[in-house]
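Only one chain comes next, encoded as structure tokens, the form predicted on its own.
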Amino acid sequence: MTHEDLNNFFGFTAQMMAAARAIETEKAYRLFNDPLASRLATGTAFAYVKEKLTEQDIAYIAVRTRFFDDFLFSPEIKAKQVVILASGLDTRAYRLPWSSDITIYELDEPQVLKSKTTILREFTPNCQHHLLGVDLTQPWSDLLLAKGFQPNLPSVWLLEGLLMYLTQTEVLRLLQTIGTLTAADSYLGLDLVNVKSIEYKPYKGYWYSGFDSPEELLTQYGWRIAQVLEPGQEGANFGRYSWVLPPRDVPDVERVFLVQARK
């Protein structure tokens, strides 16, 4: 698979997520409000979501979005620096009630960020906002530091819909890099799939890494786990996701984990 093929896939996946957020926003009992999502999704992406994604798929996207919205505004988080890796067509910088003393850094492929900023050029976030066009499999920390990120101060990191697309080596390298940039009282939010899920048919060939123990993975990089939840569990269903998996010690089950951790 060529780099161009991957970029095309990631670009379309970002549009699919935007379409799913737009569909959720139209619901009477929505889990979040994303009025900009409909501007970012193409008609092809809307059609794909409506025709190809299951009710469970769409519910998961809504739950994951709400879970990480709530994470970013957890009362215990006091950090003023927020880093969103592989932000895609995410609109949190625009739609969430940030204050002007918050700085958000979004990192993703240059063409994805350019597309988003072009479409949303008439909108201005309340926060300080920096977009960095980077390849996250290559060195990027110097670019973040050059934009004013201060590694000696607490920060919040969000890795949503990212790690499963990287190889295990790339995941470990990325977590190592984040570790060198995070001070005490920093927070991390991310989602992972387990090893069994790498073969999940819609994403087979695109998902490269899975981890059966998020706790074990993150502990080695200095993080203390606050929560590891599977969709459907209390705290990760929001009255929307009713598909509950068997306990984690039951083998041969495809799983996804929603994780919050503190350093």
Ligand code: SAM
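Given the structure is predicted, the values throughout are model-derived calculations rather than measurements. Residue indices: 1-based, along the sequence shown.
The protein also exists as the form predicted in complex with the ligand; that form is not presented, and the subsequent description refers to it.
Note on the interface: of 97-105, 117-125, 135-143, 177-185, the segment with non-hydrogen atoms within 4.5 angstroms of the ligand in the model of the complex is 135-143.
A heavy atom within 4.5 Å of the ligand in the model of the complex is found for exactly one of L166, I77, L153, L172: L166. Screening V83, V193, L162, A93 for any heavy atom within 4.5 Å of the ligand in the model of the complex leaves a single hit, L162. None of the heavy atoms of I23 is located within 4.5 Å of the ligand in the model of the complex.
At the 4.5 Å threshold, heavy atoms of G88 reach the ligand in the model of the complex. For V112, a non-hydrogen atom is located within 4.5 Å of the ligand in the model of the complex, even though that partner is not displayed. In the model of the complex, R64 is the single residue of 38-67 with at least one heavy atom within 4.5 Å of the ligand.
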